[in-house]
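Shown here is one chain on its own, the form predicted alone, set out as structure tokens.
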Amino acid sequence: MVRIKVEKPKVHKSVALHIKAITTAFKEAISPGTITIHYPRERRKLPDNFRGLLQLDKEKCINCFRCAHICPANAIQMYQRENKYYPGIDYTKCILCHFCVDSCPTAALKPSKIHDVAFASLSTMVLPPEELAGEPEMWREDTVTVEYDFDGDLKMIKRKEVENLIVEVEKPKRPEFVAGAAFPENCIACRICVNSCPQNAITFKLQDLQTMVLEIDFEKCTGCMVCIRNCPTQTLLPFRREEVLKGGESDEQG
């Protein structure tokens, strides 16, 4: 058996270690060095582009179907309300990619910083337009907003304020387009464009006994391109609105 002799610490070193430990305890009691957020009483500050739950502004929606067409998870379905169509979201499928937000030409779909949500059942996770348009009912306990400072040493900045979780989104600056009959000789008068147009901007009229004329009302057309995507003969193409309106209020192609 080998015994290891442990040298007893000297008195002054022992006192110094105890003083250091007591000092550290006092510092932590007065100003804790923890970086833990005491949720839900404290909430971390999130960036404005945080991909949380979606909201719908029905006044801005132009029924263009872009959000439904671009959704990679097929989580958006269009609901008919008041002779128009508005998006609803199935959160059992939604992956919060916000492709719909990025593609919306009028900022009718906008993000929020709401992410901590509880649903009673799977059926309640399917939100029709009227529920998507209203702000969700929230119970908030947070009174402090916490922000991390990564400049140098990691620090926490706590403010006695409540962050607004609803984000205001400006309409993106994009050129306005309308649909026009670029190749009228391809038209077979199938009327798919008429039936698919959410704004009733496309009509057909009989010019003579053998000729049908496709007419587009550019004042109603929102440039959603639903007709272009559905046209089986590639008759329609997008045109800049300012260029088309120089030639008149409507486009007639036979």
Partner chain sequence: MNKVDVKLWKIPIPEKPPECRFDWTKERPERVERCKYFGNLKAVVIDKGICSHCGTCYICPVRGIVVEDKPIDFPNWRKDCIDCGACIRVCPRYDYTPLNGLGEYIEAVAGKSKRFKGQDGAMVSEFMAGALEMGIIDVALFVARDEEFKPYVVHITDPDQLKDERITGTKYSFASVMPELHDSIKHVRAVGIIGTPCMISGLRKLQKVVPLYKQKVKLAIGLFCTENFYHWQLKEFLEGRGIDLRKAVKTDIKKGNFIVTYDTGEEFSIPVKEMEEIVPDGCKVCQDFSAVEADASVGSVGSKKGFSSVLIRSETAKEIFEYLKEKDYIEVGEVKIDVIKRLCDYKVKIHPYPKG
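Just so we're clear, the structure is a prediction, and the values are computed from it rather than from any experiment. Take the two forms, find the largest set of C-alpha atoms that superpose within 1.5 Å, and that set is the rigid core. Numbering follows the first chain given and starts at 1.
There is another form of the same protein, the form predicted in complex with the partner chain; it is not shown, and what comes next is about it.
Contact annotation: of the candidates A107, M156, I166, A182, the single residue with a non-hydrogen atom within 4.5 angstroms of the partner chain in the model of the complex is A182. The contact residue chosen from R44, R191, K27, K220 relative to the partner chain in the model of the complex is R191, the criterion being a non-hydrogen atom within 4.5 angstroms. Residues of just one listed stretch (34 to 42, 212 to 220, 48 to 56, 65 to 73) have heavy atoms within 4.5 Å of the partner chain in the model of the complex: 212 to 220.
Using a 4.5 Å cut-off to the partner chain in the model of the complex, not one of Y85, T92 and V126 places a heavy atom inside that distance. Contact check for T233: a non-hydrogen atom falls within 4.5 Å of the partner chain in the model of the complex.
A residue is said to contact a partner when one of its heavy atoms sits within 4.5 Å of a partner heavy atom; L237 meets this definition for the partner chain in the model of the complex.
Contact between I228 and the partner chain in the model of the complex is found at the 4.5 Å heavy atom cutoff. Interface residue remark: C187 is counted as part of the site for the partner chain in the model of the complex, having a heavy atom within 4.5 Å.
A movement of the C-alpha atom of Y79 falling short of 2 angstroms is seen between the shown form and the other one when the two forms are aligned on their rigid core.
After superposition on the rigid core, displacement of the C-alpha of I166 between the shown form and the other one stays below 2 Å. Core-superposed comparison between the shown form and the other one: CA of Y148 displaced by less than 2 Å. Compared with the form shown here, the Cα atoms of I192 and N74 sit 3 Å or more farther apart in the model of the complex. Put simply, D102 and E219 come closer in the model of the complex: their C-alpha atoms are 3 Å or more nearer than in the form shown.
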